[in-house]
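Only one chain is shown below, in structure tokens, and it's the form predicted alone.
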């Protein structure tokens, strides 16, 4: 992958049409904010643009999706946003794994699958980078774009609590509020509103917490049976990954989600002295230093044992 500047990326987008923007499977607020902001901006320029994802976008993001209805055309230019590796495309987007023209991402573990890319690990959220690309295309920032950018900033920084929320992140958030971002509404939807099913799956997740390495490692499990019993869907498990790391004394928090195909999606959160992306890289995953993920196959017991064993090695190295 050849690295390009913000200006060069904007020029590429301006010279192409019939553009699709890809998100990673199980999309989060940053991926959704990036993709829909870029799609909306391109349409404002008179271009055909469409967002695609292997998984449905959760209904709570309707304030973004309803403003960008589907378009149907033959793709001529492929962009990915907040998508770090081929395995995150999901089944429905496998045809694009070797066809991405431009990658916009903030994961230092990005695998370099695209022809060209802007990769900035210093960005607290990928929407920080997307904003600069949109500005370079000279698209005015209206309320919709401000909401999309703020959504990415807020969700990827845990409502600005995580260490990736830099001074630049706060400055951009303030700028988006000045442009009309409905920050109170967005934060209420993302962090303060839970369905009864979400409360039930969270209760079950808390009951599943197990400790290892003298309390320095904590795991939490979300199984398909728990989803069925609670009535929750996959999107309502977002945020559960933060639970184990919130426990006093825990340096590595591991959330183990069972997928419908029997594999396990792992979300890892760590303290500043342990590199979550390095731990997940052992299993073919990646992400950020304090937040990363991977997929692991096997029984629940085998997966847990492997994750704990590798995590213990990294704990020893960080002492």
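Heads up, when I say rigid core I mean the largest set of C-alphas that superpose within 1.5 Å between the two forms. Positions refer to the first chain, counted from 1. None of the values given here were measured: they were computed from a predicted structure.
The same protein also has a form predicted in complex with another copy of the chain, omitted here; what follows describes it.
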item: Three-residue site 160, 171 and 193 fully in contact with another copy of the chain in the predicted complex at 4.5 Å by heavy atom; value: yes
item: In the predicted complex, the one of 247, 136, 92, 76 near another copy of the chain [non-hydrogen atom within 4.5 angstroms]; value: 247
item: The unique member of 87, 229, 166, 71 whose heavy atoms fall within 4.5 Å of another copy of the chain in the predicted complex; value: 166
item: Which of 25 to 33, 46 to 54, 287 to 295, 247 to 255 lines the interface with another copy of the chain in the predicted complex (heavy atom within 4.5 Å); value: 247 to 255
item: Partner contact for residue 142 in the predicted complex: another copy of the chain, 4.5 angstroms, heavy atom; value: no
item: Any non-hydrogen atom of residue 122 within 4.5 angstroms of another copy of the chain in the predicted complex; value: no
item: Residue 235: touches another copy of the chain in the predicted complex, heavy atom cutoff 4.5 angstroms; value: no
item: Close approach of residue 211 to another copy of the chain in the predicted complex, 4.5 Å, heavy atom; value: yes
item: Stretch 212 to 229 - residues with a heavy atom within 4.5 Å of another copy of the chain in the predicted complex; value: 215
item: Per-residue C-alpha change between this form and the one not shown, residue 209, threshold 2 Å, rigid core fit; value: yes
